[in-house]
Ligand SMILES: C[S@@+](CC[C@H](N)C(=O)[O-])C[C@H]1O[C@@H](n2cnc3c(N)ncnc32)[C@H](O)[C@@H]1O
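Okay, here we've got a single chain as structure tokens, the form predicted on its own, with questions on binding and movement later.
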């Protein structure tokens, strides 16, 4: 990223977890900048590199958020009066994306040791190392992203207590955290397959933090394989499995879907909304083209033992938003050579499900999270 400061050309590496391009226009600014002026510049796409007190920059970021929320309130009010559907969902995403772009225009420079020269700046070295790895030199990052990095590091240090696991999960930066614990509870209480006593290997596809692999191991399964493609998720899962003392039962591997061979139990909790993710973290929510869901279903029958089960953990929020129908899901299951052996349902307990200000509350209020017990389709006796 390039900018001019005190008549000199300056350069630094641009850091954006969302993959946003570096801003085309950058000015340096300080405490003399008012919140209204900063908001006006940000809306025009002009980035502001902060050169004053760090805590004042945080206050300015809060003020920018307040102004952005005020601007979008009228649009969101109209959306709340409409019926949930694809257009409503897409409009909300556009509003939130614009808010993120606006707030992303307040920038902070860090040196090659991830340190800031600003007054009252916190030491973010460990947080940045946790999120980004070893430094590649001086960089410029939005204060909004840096605040997220700090919060994620604190969260990873504390961990999330899950009663179904009987322990804590420590989510790494960029790895979807199991804050929606209802899906963990489903895996913990689902009835064991009929051949449970003979299960040699269970597989958790898209293991993420490793939470479901850990739950399966705590249920007594002797060998569990957690699969993921994301290096951050793999490192996170390994860390959590070691913290929980389950390394002798759980193995974490890199892979898109199924390892070679067959398994008696294969579990997958794919992202539940078929839409394009806007950042690596959103890959835990959005599954463009239902690629992961379809990949799991299409390959499941070929990797299950004859009496094995596949557990698909999936929210039906997409159905209430008109992004996918129940009929389509059942058709995919049938076309994959599978049949439904049973289903467990639970209501979500996350804060948004009861937030009256959420424009998607009607859909969230109707939402169910289900564990679908899938088996290889039995041959039709009439055809034998």
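Residue numbers count along the first chain shown, from 1. What you are looking at is a predicted structure, and each value in this text was computed from that prediction instead of being measured.
Not pictured, yet referred to below: the form predicted together with the ligand.
S.K.: Would you kindly say which of 114, 183, 311, 173 lies with a heavy atom within 4.5 Å of the ligand in the predicted bound form?
M.R.: The option sitting close enough to the partner is 183.
S.K.: Could you tell me which of 85-93, 135-143, 114-122, 221-229 sits within 4.5 Å of the ligand in the predicted bound form, going by non-hydrogen atoms?
M.R.: Flagged stretch: 221-229.
S.K.: Please check if residue 292 has a heavy atom lying within 4.5 Å of any heavy atom of the ligand in the predicted bound form.
M.R.: Contact with the ligand, yes.
S.K.: Heavy atoms within 4.5 Å of the ligand in the predicted bound form: does residue 278 have any?
M.R.: Flag for residue 278 set to no.
S.K.: Against the ligand in the predicted bound form, would residue 104 count as a contact residue? Criterion: heavy atoms within 4.5 Å.
M.R.: No, no contact at 4.5 Å.
S.K.: Residue 271 versus the ligand, in the predicted bound form: is there a non-hydrogen atom within 4.5 Å?
M.R.: Close contact exists here: in the predicted bound form, residue 271 approaches the ligand to within 4.5 Å, heavy atoms only.
S.K.: What residues in 253-270 sit within 4.5 Å of the ligand in the predicted bound form, counting heavy atoms only?
M.R.: In sequence order, 255, 256, 257, 269, 270 come within 4.5 Å of the partner.
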